[in-house]
Each structure stands twice: as C-alpha cells, then as structure tokens.
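Shown here is one chain on its own, the form predicted alone, set out as structure tokens.
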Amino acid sequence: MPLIRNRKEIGKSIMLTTLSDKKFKTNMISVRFVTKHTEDTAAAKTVASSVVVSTNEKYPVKSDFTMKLGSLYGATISSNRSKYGDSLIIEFSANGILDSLALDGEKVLSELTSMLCDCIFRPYLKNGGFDENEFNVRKKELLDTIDAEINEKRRYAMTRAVRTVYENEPAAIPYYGSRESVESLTPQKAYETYLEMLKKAHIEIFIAGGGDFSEAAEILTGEFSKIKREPEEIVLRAISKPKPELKVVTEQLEVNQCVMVMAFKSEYQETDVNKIMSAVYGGTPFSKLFANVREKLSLCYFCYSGFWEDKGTLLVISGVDKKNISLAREEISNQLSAMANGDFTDDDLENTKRSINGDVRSSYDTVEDVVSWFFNQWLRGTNMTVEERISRNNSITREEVTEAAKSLKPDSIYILESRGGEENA
C-alpha cells in the first residue's frame, strides 16, 4: 500500500500533515517552528528547546518524566535545532510504537501526543521562567558543546568559514548565537523568547507512521488552535550575493592538518541541477575533486563539495598540508573551470545520477526519513514525491550542469592553518 499524505491548515500559519504507510511499526509526531534567526534570540530558543523536552508541569521531576516515557514502551521525546537560509528551525518530536503492538491495548500515540503538548504548552515554570535547576543543566550542556567545537577541527573550520561566507547575514550566526549570549541568558529571558516563538513562528506539524492518527490529530488541532498568533514573514531561500572581491581569512591553531573552505556563489535557481553539478564536481568517490585533486595529484587528505540550496552557495572543504595550500586552491578552481567547460564524461553524469537517486530512494525507509523528505519539500517550495525527484534528476542534461557551473563566482576562502613552518607537526 503506497504512502498516503494529507495536509491542512489548522491555525494561522500552522500546517498539519499526516503521512500514513502500513509498513511502519512506529509513529512519530514532529512539530517544527520555522523562525527568524537573530543573534539576540538564538541562544534563548536553543536552550529553551532543550528545557521544554526535559520535564513539564505534569511531570516536573526528570526521573518521573523519564519513567512515564518508559511506561509507553520506551517512547522518546526530544528536540533538535537546525538552520535553513536565514531561518532557525526548532523541532520537538515524539516517537513510539503502534497502538496495535501495545500489550494491554494502551493508546500509546494519544498519550504520547498529549505528553508532547504538555511539554510545548505547559513547561515546568518557577518565578516567571523555566525551572532554574533544569535550565542551568541545559545551559551548561550547550556551553560544553560550544567549547568542544574546537576539538573537532573540520566542524570548527566550517563554523568559522560560514561566518566569513555569509558576513552580515543571519546565516552567519551559529544556531546557538554566541557563547556570550548563552552565558548571559536567564530562565525568564529564555521563557519570554520561547513564548514569542510560539506566537510568531511558522509551524509545520507532522504525524507519520503506520497507525491511526485521528485522535492525535484532534489533540494537536485543539492545542494549537488556542495560541494567540501573530505570524511573522519567513524568507526560506535567501540567496547570498558574491562579495565584490574575493575575501581570504586565515586562522592559525595547533592542528596537524590544515582545513580549507572555498565558497562560490550563484543565482542559478534550478536546485536539482545545482545538486547534480556539485556531486559531479566533488560529491562522490568518482568526482573530479576526488579523482584529480586527491587521488591523481595527492594535494589533499580529503576534498569534497556540497551545494547549500538555501543560500545559493557551493562550498568545497579540503584537508591539506600547509605547503600544499596554494596548489590545492589553484587545482580546486581549475576543476571547477573544467566543469564549466563541460570537461566531464557522460558516464560521470550518469553514475552521479545513479548515486544520488540511490540516496533519494532511501528517503521513505524510516518514519523520520519520510517526515524529513516532505518537510524539505516545503522548504524548497516544491511538492515532489521520491519518484518525481528521481525522474527530474534523470532528465538533467550536460548543458544544464555546465550552465550551473558557469554561474558560480568566487566569494571567499577560509583557511584553518597549522602554526609553525611548512611541514605539519
């Protein structure tokens, strides 16, 4: 039986989508707030999202909260943060088994939905803000995560590079804002910002899995219809314009391997073509960057590209010896010029399509995958099924790929460089 999808508006800028497929043995509720991303509010939204899924008014003690989830056959409630374009996405989700698998006929999905709504709408509060003890635990966890970023050099380099690439744009801000903003945050300020998010964000709700969603949908509709809403306008695709002159930023740290991030920007709007182009260029084990820069010339330990469709940006990330930085930079640019000149084979293009289509086919493998697929369709402003996306990929021509490559303009280069001489430690 194929996947059945229904979508409706249940409030001002609040959409509810159900995704039903009997092959799944679990259900998932996902509530995603798409909100403006600012330096002033990012820390509060991030910490609040962790606090909200830890306890609630009904279960103010963490151990009781966890025990209740355990009684629902090991159900989970969690949160996640991500960025898309100049927006911040805060997700609250709950996962549990089908009611039909419960031993005593419990309504697992309905109970779990109510529990998630208790978290979102009735968090445990004290003195006009979140409970201070739980708040401080989540705040410290985030500060520890921020401090640990420098230990993962590739991730650290990407965070720093993004600041350069999207300078003076919301996309430059890390999802948590800044360490200073997290440090200065109070339980009251976090709760106040959280309430503003409930009122102003665009909200996408999904119920997905193999069960009966009718009661869960009623609970969600009833809860979300009570919010006093003043939705703000959200810009999903905020294409970033290339800088007038190439900007190069070098940072030195005690690293054994330099990391270089090169950014190229484009206003070419065919998203699927851009994805194929990026994959032919540097997104597969047989791409031009892998075959030439890494394997043939041995200039990099790793070298790959990714296209950020929400910002119209191609990023090339490479790990390189300090002595090879200039050579690697030149050859990465040369390979992009070759792409623009059509210097790739028909086999390169077809093998890339097969690789990408394989990933696309796996988009219905789990309940989480299905939700992500259709949420991303909304973000992209499309409404494709997996089959339609594969058909679109297969129709992309050499001429479209070269046109996409030609449109790219150099924007910036960030280099995380090892201290000392030409050779690494």
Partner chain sequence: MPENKVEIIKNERLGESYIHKKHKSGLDIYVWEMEGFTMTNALFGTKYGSVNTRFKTNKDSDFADVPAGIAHFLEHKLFENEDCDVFELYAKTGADGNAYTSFEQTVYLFNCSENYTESLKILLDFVQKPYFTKATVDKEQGIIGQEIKMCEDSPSRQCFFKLLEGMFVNHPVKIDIAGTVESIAQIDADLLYRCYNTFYNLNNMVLCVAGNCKAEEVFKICDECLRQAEDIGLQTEFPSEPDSVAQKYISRKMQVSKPLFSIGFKAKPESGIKMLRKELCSMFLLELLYGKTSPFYKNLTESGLLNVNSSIETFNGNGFFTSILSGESEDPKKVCELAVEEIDKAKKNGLDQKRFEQLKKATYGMFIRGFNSVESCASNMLSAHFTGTTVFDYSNELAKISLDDVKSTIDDILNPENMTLAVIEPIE
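In this text the structure is predicted, and so the values were computed from the model without any measurement. Residue numbers count along the first chain shown, from 1.
One more form of this protein exists, namely the form predicted in complex with the partner chain; it is left out here, but the text below deals with it.
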Practice item. Counting only non-hydrogen atoms, choose the one of 256-264, 196-204, 117-125, 235-243 that falls within 4.5 Å of the partner chain in the predicted bound form. Key: 256-264
Revision key, fill the gap. With the partner omitted here, the residue among E91, D310, E223, D321 that in the predicted bound form has a heavy atom within 4.5 Å of the partner chain is D321
Practice item. Consider the chain as shown here, without its partner, and state which of D343, E192, E106, D212 has a heavy atom within 4.5 Å of the partner chain in the predicted bound form. Key: E106
**Study point:** Check all three, E141, R154 and N351, heavy atom within 4.5 Å of the partner chain in the predicted bound form
**Key:** yes
Practice item. May I ask you to check whether G96 falls inside a 4.5 Å heavy atom distance of the partner chain in the predicted bound form? Key: yes
Review point. Just to confirm, S50 within 4.5 Å of the partner chain in the predicted bound form by heavy atoms?
Key: no
Exercise for review: Spell out, yes or no, whether the shortest heavy atom distance between S82 and the partner chain in the predicted bound form is within 4.5 Å.
Suggested key: no
Practice item. State yes or no: in the predicted bound form, is some non-hydrogen atom of D365 no more than 4.5 angstroms from a non-hydrogen atom of the partner chain? Key: yes
Practice item. Quick one: name the residues from 64-95 with any non-hydrogen atom within 4.5 angstroms of the partner chain in the predicted bound form. Key: T66, M67, G70, S71, Y73, G74, A75, T76, N95
